[in-house]
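In structure tokens, the next block holds one chain alone, the form predicted on its own.
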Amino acid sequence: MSRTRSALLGLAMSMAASAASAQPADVIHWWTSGGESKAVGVFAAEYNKRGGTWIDNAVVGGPAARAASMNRIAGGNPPVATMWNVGVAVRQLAEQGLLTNLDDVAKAGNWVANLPPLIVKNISYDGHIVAVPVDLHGGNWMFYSKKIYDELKLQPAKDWDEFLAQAEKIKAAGYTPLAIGGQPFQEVWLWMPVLLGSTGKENFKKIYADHDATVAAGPGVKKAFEVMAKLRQYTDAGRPNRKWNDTLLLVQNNKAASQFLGDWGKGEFAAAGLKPMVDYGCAIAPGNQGAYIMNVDVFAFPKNSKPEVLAAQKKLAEVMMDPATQAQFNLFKGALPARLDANISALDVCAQAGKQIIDGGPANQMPNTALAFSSDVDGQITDLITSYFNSTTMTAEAATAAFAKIIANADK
């Protein structure tokens, strides 16, 4: 072999080794707001630091991002990783044989011992770990304007009746009592704490975990629909089609008194340089004390036969499940780390309060719709809540009957 040919061969091998070590990771996600972009940047930076190459594919909106992932999987060009919400939908992907088995990475990282049991159940299929949970959001937070609440000498309401009484006082003072946008998921994220506060923890779990249609047809659910109808009158005229982060600006700018949202809302406050319990307030929703409606973002890794892709997937899984990386990520995301062993001392007072509830054990850990139902059932519930909240003719009795029918037909 000539020296020239030998040198070229060596250069080619070196370039191939360099390309393999770079491990490009094509990642689809829907984190596009200010706080979310900063958060996902933590994963990207850490992956690059460990020798990978993060290729960012941000898609606006969860449904669009999931559709983009499925289209690429169906077309034979799957992404290395795709964001999803933990629950039935992820398990359905695993049932179809579409996801990479992460057992070896999970065992090495001691995942199972350091995650809430409900989360372990929902990232598993047929005894195998198939997804990476990166945060633990509480979906039943109330963010409120300290300026308005202090001005009117109010404290966060302990139940929904008290909240409605306060809303009258806030409205009379010239402020919007309740900020909510026109995206259907915003209405669902209002519905869940209203339902929890109206039925109590035990009955909420009977509906969402056990799919108990009898409880779903009961007086607590009817009361929840009645509360939703009353809340409608305390919103503003700009609600239709408004995004959640644009809605949060009403609270930030002290035009609206409160918004009910997952704790990802804190990421937007942080991005604006605002501090909890100084520039804005946070409290668990009325009647939800001692309960945390869990919403968990996960990354799934579509099955791929290429060794370099599998290596990238496992490196990315290690990065995302690193306790220190999760803690840093959630400084911007606003959530708790999914890993219970992560150091949260740097997180804000709202997160510390949420962690106390989570540490109370499974009795305090409530499933959201994604954890509880298939995508189809989740969609039916969303359609019902949206129709009811935007209707002036549908009665609470009719909505309760429709809700109970959906629960009765949900998979056990």
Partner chain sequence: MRISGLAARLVLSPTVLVTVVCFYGCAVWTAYISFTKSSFIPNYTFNGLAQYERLFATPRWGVAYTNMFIFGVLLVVGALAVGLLLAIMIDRNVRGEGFFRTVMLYPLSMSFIVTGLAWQWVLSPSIGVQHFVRDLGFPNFTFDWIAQQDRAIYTLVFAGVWHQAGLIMAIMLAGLRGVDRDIWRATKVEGIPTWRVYLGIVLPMLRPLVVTCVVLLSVAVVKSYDLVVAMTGGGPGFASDLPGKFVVDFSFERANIGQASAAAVVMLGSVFAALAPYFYVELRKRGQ
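Between two forms, the rigid core is defined as the largest C-alpha subset superposing within 1.5 Å. Residue numbers count along the first chain shown, from 1. Quick caveat: nothing in here was measured; it's all calculated off a predicted structure.
Separately, the form predicted together with its partner chain exists; it is not shown, and the next lines address it.
Relative to its partner chain in the predicted complex, residues Asn241, Thr382 and Asn390 are all within 4.5 Å by at least one heavy atom.
Proximity of Asp376 to its partner chain in the predicted complex falls within the 4.5 Å heavy atom cutoff.
For the chain shown alone, Asn110 is not a contact residue for its partner chain in the predicted complex, no non-hydrogen atom being within 4.5 angstroms.
At a distance threshold of 4.5 angstroms between non-hydrogen atoms, Gly360 is out of contact with its partner chain in the predicted complex. Contact check for Met70: a non-hydrogen atom falls within 4.5 Å of its partner chain in the predicted complex.
The contact residue chosen from Gln233, Asn253, Gln96, Thr214 relative to its partner chain in the predicted complex is Gln96, the criterion being a non-hydrogen atom within 4.5 angstroms. Taking a 4.5 Å heavy atom cutoff to its partner chain in the predicted complex, the contact residue among Ala327, Leu274, Ala89, Val120 is Ala89.
For its partner chain in the predicted complex, the listed stretch (61-69, 44-52, 351-359, 364-372) containing residues with heavy atoms inside 4.5 Å is 61-69. Relative to the superposed rigid core, Gln233 undergoes a CA displacement smaller than 2 Å between this form and the one not shown.
Taking the rigid core as fixed, one finds a CA shift for Ala363 smaller than 2 Å between this form and the one not shown.
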